[in-house]
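One chain comes next, on its own, written out as structure tokens in the form predicted on its own.
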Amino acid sequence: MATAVMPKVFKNYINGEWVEARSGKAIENRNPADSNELVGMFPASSAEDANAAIDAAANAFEKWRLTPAPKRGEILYRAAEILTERKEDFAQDMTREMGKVLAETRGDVQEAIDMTYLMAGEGRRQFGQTTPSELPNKFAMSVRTPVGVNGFITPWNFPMAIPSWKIMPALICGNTVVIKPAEDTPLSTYNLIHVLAEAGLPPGVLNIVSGKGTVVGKAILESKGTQLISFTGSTEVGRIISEACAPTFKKCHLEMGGKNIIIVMDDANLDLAVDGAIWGGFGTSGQRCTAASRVAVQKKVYGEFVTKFAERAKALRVGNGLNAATDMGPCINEQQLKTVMSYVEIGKNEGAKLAAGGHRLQDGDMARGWFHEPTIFSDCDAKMRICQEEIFGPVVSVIPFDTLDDALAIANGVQYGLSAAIYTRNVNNAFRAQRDLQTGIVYVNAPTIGAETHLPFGGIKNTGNGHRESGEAALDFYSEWKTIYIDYSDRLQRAQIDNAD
């Protein structure tokens, strides 16, 4: 007789201790490729749990902000070393809880490694300005100072990379943190927290509280104890967060939706463009804010491109991401699968031509998971809903166009502005596109995904609210500028008055 294996039970991390949620309740974390597999049980925390974590972060802030930044960097460096050692284990965990293939989860962990090393170095590079004063015997400079307690609400599609984008610059600037991971993928964020604790973060500096966004996220957002909020998720939820932060002028960073495009000119390397469209559209099962869910192709090569693109999509092997032969994994959960299926019906009803895919996959073992075929609609009109709304799944719309001006109008004719790409051998067209595309990120002869940690990441319009993640730009959000004047003239000097002559 088989004996049931008890699931691993996780706790919150508050003030340097692993503690149970006050409710005693838990949330199941299941494998989206096999819903029979229970990855773990995570706390269904309450507002009281979140407030306890915020109090711990507030109490730890004074000592942490006074810790020299290079010393904070040494802790991050140790964390990066541990992450490197455990990369494969963490990638396996992430594939089990999130579904994307191992090559991609390894990349997710590597992004966390890269960000941690980068921000460790920023412990010795938080440069300000020194500049001559307009008055004699006076010195002027600026320095960065931390904001306070930071509250983070993170998504399920990059469950270690995106938390690292927020946590590492926050910590190196001297802030303390409370993070609520996505309900679907808490394990990878927990793995990151374990590493940072092991690396030597003092108690209270970093806290994790698992639970529902409507409970834990709401408490973090509304608490008077948090001075900064960073959120990655949908534009609809981002708008709610922005409105909640506004009355108290709480510092707020929003990274939201995208409806990204690849433009293929008739002089492009067509096979390379197809490679980019496959990776951009179906990497992570299309569940990326930077996914290339639209491809605009110049009419001269449109037919050839669609044929090649559809053939490649049909050849993709869909299945469990732990299988080395798998090209694309499942949707994250049943609700997301239903959303994808509903948009397929919308596309059909709008008159788009189904060039590949279009169906749920549920033969054999796939019946236990949330799998959908890589799906391509051709002959699309740019105003169709499938070309305007973020689907967040393996569905790509292909749109024909005449001129580069037409392509730019199509690209810019959406509410989002995150990422865009153009495939062309014409340097003039490449430079026009990078100038005129209304997005925060532009790629030339590469797909819309592939951001590197040392450069700013983020978008415009309904994609973001002006702040950026990654690179030096992240320091600008997680710190405040303080300008300092030191007058050693031993007399009163009045700027703009005593220097008037």
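The first residue of the sequence shown is number 1, and the count goes up from there. Please read these numbers as outputs of a predicted model, since none were measured by experiment.
The next section is about a form of this same protein that is not shown, the form predicted in complex with ligand NAD.
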| item | value |
| --- | --- |
| Non-hydrogen atom contact Thr232 with ligand NAD in the predicted bound form at 4.5 angstroms | yes |
| Contact flag, Gly257 vs ligand NAD in the predicted bound form, heavy atom cut 4.5 Å | yes |
| Partner contact for Pro163 in the predicted bound form: ligand NAD, 4.5 angstroms, heavy atom | no |
| In the predicted bound form, Thr154 touching ligand NAD (heavy atom, 4.5 Å) | yes |
| Options 202-210, 97-105, 218-226, 79-87; stretch whose heavy atom lies within 4.5 Å of ligand NAD in the predicted bound form | 218-226 |
| In the predicted bound form, the one of Thr448, Ser45, Thr439, Thr463 near ligand NAD [non-hydrogen atom within 4.5 angstroms] | Thr463 |
| In the predicted bound form, the one of Pro394, Gly280, Pro330, Pro181 near ligand NAD [non-hydrogen atom within 4.5 angstroms] | Pro181 |
| Candidate site Val237, Ile241 and Glu390: all three near ligand NAD in the predicted bound form by heavy atom within 4.5 Å | yes |
| Heavy atom contacts to ligand NAD in the predicted bound form at 4.5 Å, residues of 407-433 in sequence order | Leu418 |
